[in-house]
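The data below hold one chain only, encoded as structure tokens and taken in the form predicted alone.
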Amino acid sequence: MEIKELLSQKLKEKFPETEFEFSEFRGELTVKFPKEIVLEVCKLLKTDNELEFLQCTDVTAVDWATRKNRFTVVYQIYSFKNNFRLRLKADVDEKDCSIDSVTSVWKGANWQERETYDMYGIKFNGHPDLRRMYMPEEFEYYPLRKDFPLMGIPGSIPLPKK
């Protein structure tokens, strides 16, 4: 059985009420689903003996600016057993700008979730140390959001003295 069919079968068995959206572009598969089940989906993908997605290579987000669900959190995961990359996506609304952390599944997602929080303001529920990485803690803006000015906000952050 091809990995795409196997993946679809496993997800539908475990989450029969959930509608998964599968898409493929240039040989890469993407699965989109509701953010409420992100932790359970990731646990299944890692622990299933036939799938074994043991590595989370990236966590980031997309700011769509004008869509109802403004943000999409994107996970890139990899199965050594199947030599297969998979992209996971879950939409996050600006009103409840949060999603469950997957650091309990993949410890390597720690800094990637922190970076996504720092740049987009998306909170990762249950993250062991969610704080800013690049910007000062008191900085009240998120630089990769579409509404952040291209040249920054004058006076919002003190520059180092010469």
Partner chain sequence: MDKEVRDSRDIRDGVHPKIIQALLDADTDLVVEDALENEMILNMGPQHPATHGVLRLVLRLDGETVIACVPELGYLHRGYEKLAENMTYFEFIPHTDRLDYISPMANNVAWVLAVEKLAGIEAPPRAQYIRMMVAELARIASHLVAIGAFAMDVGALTIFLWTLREREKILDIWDMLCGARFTNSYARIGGVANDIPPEALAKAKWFIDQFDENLTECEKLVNTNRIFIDRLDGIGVLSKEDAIDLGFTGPNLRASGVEHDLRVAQPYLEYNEVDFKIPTFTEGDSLARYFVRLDEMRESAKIVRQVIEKMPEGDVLLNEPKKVLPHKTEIYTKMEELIHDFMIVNFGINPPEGEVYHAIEGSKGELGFYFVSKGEGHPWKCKIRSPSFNNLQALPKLVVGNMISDVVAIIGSIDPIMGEADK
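Numbering follows the first chain given and starts at 1. Keep in mind the model is a prediction, meaning the values are calculated, not measured.
Beyond the structure shown, there is the form predicted in complex with its partner chain, which is absent from this document and is the topic of what follows.
The shortest heavy atom separation between Arg145 and its partner chain in the model of the complex is within 4.5 Å.
Using a 4.5 angstroms threshold between heavy atoms, Asn110 counts as touching its partner chain in the model of the complex. For Glu115, a non-hydrogen atom is located within 4.5 Å of its partner chain in the model of the complex, even though that partner is not displayed. When contacts are judged by a 4.5 Å heavy atom cut-off, Glu28 counts as touching its partner chain in the model of the complex. Although its partner chain is not shown here, in the model of the complex the stretch 31 to 66 places heavy atoms of Lys46, Leu54, Gln55, Thr57, Asp58, Val59, Thr60, Ala61, Val62, Asp63, Trp64, Ala65 within 4.5 Å of it, in sequence order.
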